[in-house]
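Quick setup: one chain, the form predicted on its own, written in structure tokens, and binding and motion questions come after.
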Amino acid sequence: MTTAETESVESFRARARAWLADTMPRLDENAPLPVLGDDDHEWVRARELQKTLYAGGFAGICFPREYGGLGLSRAHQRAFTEETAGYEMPVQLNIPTFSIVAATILDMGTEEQKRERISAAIRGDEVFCQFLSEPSGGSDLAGLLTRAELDGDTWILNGQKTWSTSAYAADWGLCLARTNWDVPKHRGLTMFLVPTVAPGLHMNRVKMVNGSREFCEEFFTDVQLPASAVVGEVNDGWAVASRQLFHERNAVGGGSPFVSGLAGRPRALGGQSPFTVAKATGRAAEPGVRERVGEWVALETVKNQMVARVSRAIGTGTLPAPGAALLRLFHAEAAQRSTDLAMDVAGAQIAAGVGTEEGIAGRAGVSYLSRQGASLGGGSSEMARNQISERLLSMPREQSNDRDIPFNQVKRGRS
């Protein structure tokens, strides 16, 4: 849309400020910390809040109007997000529903998929997830074994996926499957939109060491999908997956224009910042603690500046899409350092984190149990470094012995 067709950012901000004050519930700073475990009620609440945003005309700010959004700019979205400080927001829907899956459908889906799925998510009627990782694949997504075979006009899906974030709360998932075994691994893949209630799809929730059960594993047994379930082209699923991974790196790194609200997920696996831990433990005046909090503030400042600069460069074409790996990598490094700093500040009080109702210092200890997750979500940090070295710095590509071999000839396991 042209500037003349859009509301000014300041006018939009003022209107949003008034609407939020009149409509959205305030966050309760004195509310007890959520217990990590089942969070089904939080997803019910997120859908309710999203419906409220939609009814008020503040949902899908950067999505096109024809698919249920407002068709406004990143600046409008930033203004709205800034105004949401202190209010309840459906931040669970940011990742992966809006910033990854809906964004991928917007780029690669059919017109029908865009009109039906994106608009349903913006209305608060549907939640999305990703079916990508597999138990045998590690970081080699293109080496997946889940298969889809065409029977007449129907695709038959069989295989297993794992580490699917919040799939239990979703209605649809983007699923990458192998449809041609006679070509190299990147060329025989197809992306599908799969309903999570499809007959033959069995899902288990995975309990993590910190008590969270946000991850799932899925088993697909003769799941039937229509031809309309294909996203992109048959056997060109890697193109869709590549775009999806771009959106994932961008979202995890904090650069997505489709995120609304001040957090990716409110639970954040129980984490607490060094600042909140310092206040809760009464150590905010100690010189060593102040140094650690200062380091955290510096990291956050650099991250915010980096997100703005890299996002702007990708948006204008100055930096290619793999530049999102810069955001993804810095996010992981900063998140892990923040966790370490919070542990240092909490000191011996982290021992309070052995129960289910631990305080802020205890939560710092619980968060430390899953600190490595920051280096894995959105693709591993090693993958991000490869992206940066190969795609941005033009360094030699990492050796791959199976790149040009038909996948049915690639040795796997002990074969």
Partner chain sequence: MELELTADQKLFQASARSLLEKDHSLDRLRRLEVGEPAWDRDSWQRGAELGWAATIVPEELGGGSVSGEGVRDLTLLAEELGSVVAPGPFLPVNVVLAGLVAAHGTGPDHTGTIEALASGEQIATWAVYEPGDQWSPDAARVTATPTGGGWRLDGTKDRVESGSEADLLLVTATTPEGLAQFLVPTAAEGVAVSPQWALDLSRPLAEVRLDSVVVDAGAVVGTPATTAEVLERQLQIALLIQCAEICGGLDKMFALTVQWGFDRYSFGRPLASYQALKHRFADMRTWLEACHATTQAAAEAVQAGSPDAAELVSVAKSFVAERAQWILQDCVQLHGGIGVTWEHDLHLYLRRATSDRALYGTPEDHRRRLADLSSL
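Residue numbers count along the first chain shown, from 1. The shown structure was predicted, so the numbers you read here are calculated from the model rather than taken from an experiment.
Beyond the structure shown, there is the form predicted together with its partner chain, which is absent from this document and is the topic of what follows.
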Please tell me whether the candidate spot formed by A16, P25 and V231 is one where all three residues come within 4.5 Å of its partner chain in the predicted complex (heavy atoms). no
Among 221-229, 112-120, 319-327, 254-262, which stretch has residues with heavy atoms no more than 4.5 Å from its partner chain in the predicted complex? 319-327
Which of these residues, R78, R187, R309, R213, gets a heavy atom within 4.5 Å of its partner chain in the predicted complex? R309
In the predicted complex, the one of Y168, F192, F275, F246 near its partner chain [non-hydrogen atom within 4.5 angstroms]: F275
Although its partner chain is absent from this view, report whether E10 comes within 4.5 Å of it in the predicted complex, heavy atoms only. no
Under a 4.5 Å heavy atom criterion, is E291 part of the interface with its partner chain in the predicted complex? yes
E398 versus its partner chain, in the predicted complex: is there a non-hydrogen atom within 4.5 Å? yes
Could you confirm whether L393 comes within 4.5 Å of its partner chain in the predicted complex, counting heavy atoms only? yes
When its partner chain is considered in the predicted complex, the residues of 295-317 having a heavy atom within 4.5 Å of it are E295, V297, A298, L299, T301, V302, Q305, M306, R309, V310, R312, A313, T316
